[in-house]
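Form predicted on its own, single chain, as structure tokens, below.
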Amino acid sequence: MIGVPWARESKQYTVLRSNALNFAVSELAPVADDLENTVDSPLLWKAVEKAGEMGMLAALVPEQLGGEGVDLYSLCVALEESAVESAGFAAALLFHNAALVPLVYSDRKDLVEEFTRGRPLCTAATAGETVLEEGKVSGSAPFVFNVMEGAPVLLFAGSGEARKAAYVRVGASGVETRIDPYPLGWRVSEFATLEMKGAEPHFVLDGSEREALAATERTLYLGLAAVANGIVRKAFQKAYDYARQRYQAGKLIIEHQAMRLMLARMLCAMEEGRALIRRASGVEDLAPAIIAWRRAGANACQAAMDGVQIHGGYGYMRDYGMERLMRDAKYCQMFPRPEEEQLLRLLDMAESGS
């Protein structure tokens, strides 16, 4: 692997990145294909257990509540390194950690302990319309990622200032689950639509809902940007290695300028993605996080497409792993909300000065 001109990080992040990389190489790389093909496999839970030993199941939760209390950029570092080997696994970890964010605004150490046992992971619903009336949750949440039996699902019921952060459990009374049988990417876990009719919430946050929503959104946007950056890195690794082995017209394809330009664009995308994530992690505003997410997602899709092109016809074959990167990259643009919707939201933010 060639050296990459990364901007320097502090020792804290360098050590964390090295540990996360070791985890990804030893625990995820050998089983990435199996995780892709088998939902709820023992291999998944073994990897989750290892992630828990590294503190990745309660990364953002303060130490007094039983978590690791790391900053958001640290979580992004761990997610990026994990996504290099399995974007689906990294996305599952992200949604789990994002779902725990509202607990930071409570004193429920018991819930943190309950939700971070590792099986099932928590998740967060990012679309649909739900309400909390008379202590019951009703409504629909489509295309929820990481849905497993018994999983706590975070949703923000209601709208505007009346919105409440609430948790319901998959499989509980009043919660109907319809599994999506053909997800495009992130196939380590299930996608499903949740229909709730008078469901009893497991917990409702009382106060700080606005702050909890903003923090959860920042976590999802920046975490997905990190997952996307991991996909760019994997696309580059695969394409670079292949281009150094494949001959065309009597010479290695890496010697063709068109190939070198595609690889060079991937290098730029890696550096750009990490710089945007680092910058957005240092401010509380949501707009920089959305911008980082949008740019990193576009870079991941472009890198995956270029990687497929460099591989030629082999790029479409599962054995080479490029087609999986393309499928996973597209989901980084679709979650937590569609890109077009967020572009309009950014313009609204700029016009209102928020």
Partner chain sequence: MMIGQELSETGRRLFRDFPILRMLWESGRKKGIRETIGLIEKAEEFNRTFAVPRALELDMRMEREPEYFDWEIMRRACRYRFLSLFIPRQLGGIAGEFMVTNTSLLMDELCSGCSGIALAVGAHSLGVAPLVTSGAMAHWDTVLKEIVEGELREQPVTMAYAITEPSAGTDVEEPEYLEKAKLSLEAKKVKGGYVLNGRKCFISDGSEAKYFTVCAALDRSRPLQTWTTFLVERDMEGFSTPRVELKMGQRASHAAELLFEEVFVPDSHVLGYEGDGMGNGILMIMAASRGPVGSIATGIARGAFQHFLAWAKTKRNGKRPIDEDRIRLALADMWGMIQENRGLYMSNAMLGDGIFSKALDNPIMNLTLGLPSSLRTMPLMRNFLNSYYGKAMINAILRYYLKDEDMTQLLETASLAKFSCADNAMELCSRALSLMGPEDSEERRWVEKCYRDAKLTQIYEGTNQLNRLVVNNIRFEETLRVEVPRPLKKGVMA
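Numbering follows the first chain given and starts at 1. All of these numbers come straight from a predicted model, not from anything done at the bench.
In what follows, reference is made to the form predicted together with the partner chain, a form of this protein that is not presented.
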Taking the partner chain as it sits in the model of the complex, is Val308 in contact with it (heavy atom to heavy atom, 4.5 Å or less)? yes
Report yes if any heavy atom of Phe23 sits within 4.5 Å of a heavy atom of the partner chain in the model of the complex; otherwise report no. no
Spell out, yes or no, whether the shortest heavy atom distance between Met317 and the partner chain in the model of the complex is within 4.5 Å. yes
Answer yes if any heavy atom of Pro42 is within 4.5 Å of a heavy atom of the partner chain in the model of the complex; otherwise answer no. no
Single option in Ser208, Gln248, Ser173, Ser159 placed near the partner chain in the model of the complex, where near means a heavy atom within 4.5 Å: Gln248
Partner-contacting position among Met259, Val84, Leu132, Ala151 - heavy atom within 4.5 Å of the partner chain in the model of the complex: Met259
Where does the partner chain sit in the model of the complex: which of 174-182, 199-207, 279-287, 227-235, heavy atoms within 4.5 Å? 174-182
Among Pro142, Gly312 and Tyr331, does every residue place a heavy atom within 4.5 Å of the partner chain in the model of the complex? yes
Since the partner is left out here, which residues of 220-241 would have a heavy atom within 4.5 Å of the partner chain in the model of the complex? none
